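Below you'll find only one chain, the form predicted on its own, shown as structure tokens.
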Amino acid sequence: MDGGKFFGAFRACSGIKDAVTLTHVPVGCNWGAAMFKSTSNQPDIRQACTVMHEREIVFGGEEALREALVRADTLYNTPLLAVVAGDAPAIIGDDVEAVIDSVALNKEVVWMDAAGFKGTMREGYEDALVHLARLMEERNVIKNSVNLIGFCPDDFKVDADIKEITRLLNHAGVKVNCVISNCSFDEFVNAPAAELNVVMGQGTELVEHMKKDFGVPYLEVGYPYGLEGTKEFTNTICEHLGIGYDAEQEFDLEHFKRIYLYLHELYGTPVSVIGDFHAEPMTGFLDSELGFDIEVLASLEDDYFIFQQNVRDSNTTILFGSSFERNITEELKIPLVRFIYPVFDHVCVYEDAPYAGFRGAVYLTETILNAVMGFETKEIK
């Protein structure tokens, strides 16, 4: 179920909000990346394509790339053009770098070899950020500031989650310098001004690069799901910055008291979870705070058919995953709670309804309860 290196690189590059991503691929690959990205932000189309056809596959795509570079440079008033070369140019041997060097352009150009068969989606994301990091510049350090690293613009609930996480950190006296990869070009270039890099699941190669080149230390933390997960997330960052703060003072159980009976009845519910680096923090919340019984926990890199069979053989009554799990939940007649990429059959446009943070714990619990109420109880074997 992994999207391959191309999707990872595309997701990292498209997170620079005022940049254009030029994909050097056949139109189908370009369409797939665009479809997943535009579900919840349809005006945000900053994407061009060389549209490789049979002619380019046979005779080479370098001329198509050259023409696309010139057109993109003319059409888009942006500071950065990120060129992501996929499978076809890698197979036929297009010299992408030579083509870029042969064209005089009015904007920064960064390119990467992101053939899907050359690595995982995680590896594509990591590699793309390191390529983009060549644009970063030395800056004076801003005290008590952090970069948040690991986001993608097409993550489910990404804008709402960033808003809530930023609120939490600001309340604790921490300034968010840059959110990678969901930021402007200038914010990305100025990322070395942060006192600390905070990595959530992916972006570890970038922070190693920034530590070596700019001396920015980093901290790896879990995604802040639930009350305890959010408390640990916030307190750990504050501790590393030397800020005396305890996030537990923000705990507010009133919302949970209103639905106490529902939560009591769901205690011990058997559930399964599949996902990327979000999966384990989500599992921690479901297990330790809602009291669910975790039947199956799977990574996107696991064998998907084995995962499906394990779910069928279990007592799972709720499945947590992406839109790709819709088929098995319909087969088993159980609710699906979507929380990870890709989600293309739901939208999330309201930025005050996160899944992360203290407010996210309330909204996520509400989502789970509402998902359960529409289904009949599955008989336990």
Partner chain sequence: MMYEQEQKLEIETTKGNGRAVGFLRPLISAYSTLPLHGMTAIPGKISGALMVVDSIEDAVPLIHGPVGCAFQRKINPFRPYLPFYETPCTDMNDVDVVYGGEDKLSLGIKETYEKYHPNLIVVITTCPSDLIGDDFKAVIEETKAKGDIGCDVVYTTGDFVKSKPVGYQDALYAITDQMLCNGKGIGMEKGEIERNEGSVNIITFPIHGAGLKTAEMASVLSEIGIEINKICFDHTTVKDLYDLPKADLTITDYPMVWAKLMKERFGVDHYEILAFDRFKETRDPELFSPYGIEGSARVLMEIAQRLGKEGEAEEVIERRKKVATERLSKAKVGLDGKKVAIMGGIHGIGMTLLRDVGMMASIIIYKTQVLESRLTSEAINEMLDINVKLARKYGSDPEVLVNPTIEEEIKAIKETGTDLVISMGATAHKYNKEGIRTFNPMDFMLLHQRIGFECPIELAILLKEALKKPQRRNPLLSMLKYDPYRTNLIPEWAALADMFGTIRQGAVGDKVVAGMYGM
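Numbering follows the first chain given and starts at 1. In this text, all values refer to a predicted model and were calculated from it rather than measured experimentally.
What comes next is about the form predicted in complex with the partner chain, which does not appear here.
Novice: Determine which one of 142-150, 286-294, 85-93, 165-173 lies within 4.5 Å of the partner chain in the predicted bound form, judging by heavy atom distances; exactly one does.
Specialist: It is the stretch 286-294.
Novice: Does the 4.5 Å heavy atom contact test between residue 260 and the partner chain in the predicted bound form come out positive?
Specialist: Residue 260: contacts the partner chain in the predicted bound form.
Novice: Flag residue 268 as yes or no: does it have a non-hydrogen atom within 4.5 angstroms of any non-hydrogen atom of the partner chain in the predicted bound form?
Specialist: Residue-level check for residue 268: yes, a contact with the partner chain.
Novice: Would residue 305 count as touching the partner chain in the predicted bound form under a 4.5 Å heavy atom rule?
Specialist: Judged by the heavy-atom cut-off of 4.5 Å, residue 305 is well away from the partner chain in the predicted bound form.
Novice: Taking the partner chain as it sits in the predicted bound form, is residue 253 in contact with it (heavy atom to heavy atom, 4.5 Å or less)?
Specialist: Contact with the partner chain, yes.
Novice: Which residue, 199, 179, 274, 227, has a heavy atom that falls within 4.5 Å of the partner chain in the predicted bound form?
Specialist: Contact with the partner chain in the predicted bound form is made by 227 alone.
Novice: Heavy atoms within 4.5 Å of the partner chain in the predicted bound form is the criterion; list the residues of 325-362 that meet it.
Specialist: Those in contact are 332, 333, 334, 335.
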